[in-house]
Every structure is written in structure tokens, then in C-alpha cells.
Ligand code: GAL
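Here's a solo chain for you in C-alpha cells, the form predicted alone.
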């Protein structure tokens, strides 16, 4: 049994690095994608048949990944040109410019049945500061192969940071991200190939500074979790409910305790047995502390009125 907040290990006995991630079911396997900031890596992939034993499939996106343009005008920079770029400060740590890496955070992957393609969306930053505030896309013909980097852009010119993807049961896919310096949260409907935004359908929580969105659908109701913006420190998560992605969402209500049990939402896992799992990161902090970050997985329960809640348990729900 895995312990919440303790290191989790793959089948080789190595610590799992898949932060801010997402799990996708395809065929007989679950695929777990997440941030991997070690060496030249950006996004790692693990797979499992039982959600307990995770095989490391390696980094699927790195500084050396192939690039390919797409119809959307995008910036194909996946490795920063370090000439003339100074070292930067991340918390209490100095990050040498010579590393030449950009930041690719919170990767989410959906399978597009129409194109038979795995499409990754993530938050892109330039590696120097957080002024890029863009989304980036990568694609692959297989779930754990070498993804091709397709570039970064701002949807409709809007800033985009913490983000998630949601595939509805009617086949429509949505991209949700923090915008306007995290002041607002945007919901976009994607094109049929999942490669672009097709409609800006809703702006939520105007001026409330929400991030780390995660969505589930239950009994025809959409429930969205978000956290406040407090840097690396955990805070009180909130939930909102709607009858449709483009509809009116309810006022935020508290979810979890005042620090959401020292965690921040990464995604919500929907299981075949009808359970929903709140999957979250327990961040270690900036710089080298980042690599001590761990995971929290708790079953989401519901009141008679359908309101979601979690209770802390030392043992992971998966």
C-alpha cells in the first residue's frame, strides 16, 4: 500500500517523477504523464494495469524532442538559447542559464479517436521568468512513444498558465487554464482534432486568482476543483458545480481542510467501479526542494446533495 505524502516507487525501485500530471486509460494500460525536471527531461510516462505497479516508460518529451509546426502559428522553441541569458533566482536557489531548459508544466494527454493521435497540452514558460504564459502542444502515434513538439501559443491571445484537459462523454474536449496573470480561469472547447481552441466558452472566477483546475462529471453535473494562488504553499481548495461546461457555475465552496491536506489538485481519476480519486501533488518547494515533492490520492465522496468532499487517509486510494 502506498502512503500519501511519502515517495512512490516504480517497478524498478526508483522514485516516480510525474508531478502536476494526468492519467489516461488506453487499451489494457493506464498511462501516467507528469513533469520530470531531471537532466534533459520535460515529461515522463509510466504505465500500469492495476494503478499500483508502475513501469517507467521513460521521458516522452525532452529538450531533444523533434519539433514540427502545426496550422496554428506557434513558437517551436523547446530548448532555450542561453547566449546572453543570465542566471535566474528560483526561491532561494540560483538556476544556471547554461541549463538551457524551458519550463513545461502540468502535462495532460487525451487520445483523439478521430485522428488516432495522442495529444498533449501543457503550460509553457521560457525558462527565464514566467512572462511567456502560454500553452504548448505535443503529439504522438502511441501513448508512450517519443512525442513531437508542436509549439507554444496563447489561446486567442490570452495568457495561459495552470491548466487541465477534460474529455466529455459526448466526445467534446475542453482546455481549462488560468489567465490574466492567474486572475481568471478560462474554459475553451477544442477543435475536433484536439489541436487548437475552437471556442472561448466561459470565463470563471473573475479576479479571484484560481489555479490547478481539475474536473469530473457525475450524474450529469460538472464539478471543478481549483486552488488559490499561494506559490509553493498549500491552501484551501474550492469546488464549483455546473449543468454544462459552458453554463453558469456555482459559487466556490470549500473542499478539504485549510491546506487541502497539504496538497494541490493535479487531476481527478474516474474509475470503472464508479469511484472518483482526487489526485494531487504535495509540493516540496522551489529549486532542489522540488524533487522531494510527493503525491496524495484520496477518494472523493459525496453528500446527499451531491457536494464532493474528501477525508484524509494515510493510505493512498490507489
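This one's a predicted model, so the numbers in the text were calculated from it and none came from an experiment. Numbering follows the first chain given and starts at 1.
Just so you know, the form predicted in complex with the ligand exists too; it's not on screen, but the next bit is about it.
Chemist: With the cut-off set at 4.5 Å between non-hydrogen atoms, does residue 264 touch the ligand in the predicted complex?
Modeler: Residue 264: yes, in contact with the ligand in the predicted complex.
Chemist: Is residue 106 part of the interface with the ligand in the predicted complex - any heavy atom within 4.5 Å?
Modeler: Because a heavy atom of residue 106 falls inside 4.5 Å of the ligand in the predicted complex, the answer is yes.
Chemist: Mark residue 205 yes when one of its heavy atoms lies within 4.5 Å of a heavy atom of the ligand in the predicted complex, and no otherwise.
Modeler: Residue 205 lies outside the contact set for the ligand.
Chemist: Could you tell me if residue 220 has a non-hydrogen atom within 4.5 Å of the ligand in the predicted complex?
Modeler: Residue 220: no contact with the ligand in the predicted complex.
Chemist: Looking at 195 to 203, 109 to 117, 168 to 176, 231 to 239, which stretch has residues with any non-hydrogen atom within 4.5 Å of the ligand in the predicted complex?
Modeler: Result for this chain: 231 to 239.
Chemist: Assess the spot marked by 10, 30 and 55: is the ligand within 4.5 Å of a heavy atom from every one of these residues in the predicted complex?
Modeler: Negative, none of the three is within 4.5 Å.
Chemist: Go through 121 to 139 residue by residue and record those having a heavy atom within 4.5 Å of the ligand in the predicted complex; state none if no residue qualifies.
Modeler: Only 130 sits within 4.5 Å of the partner.
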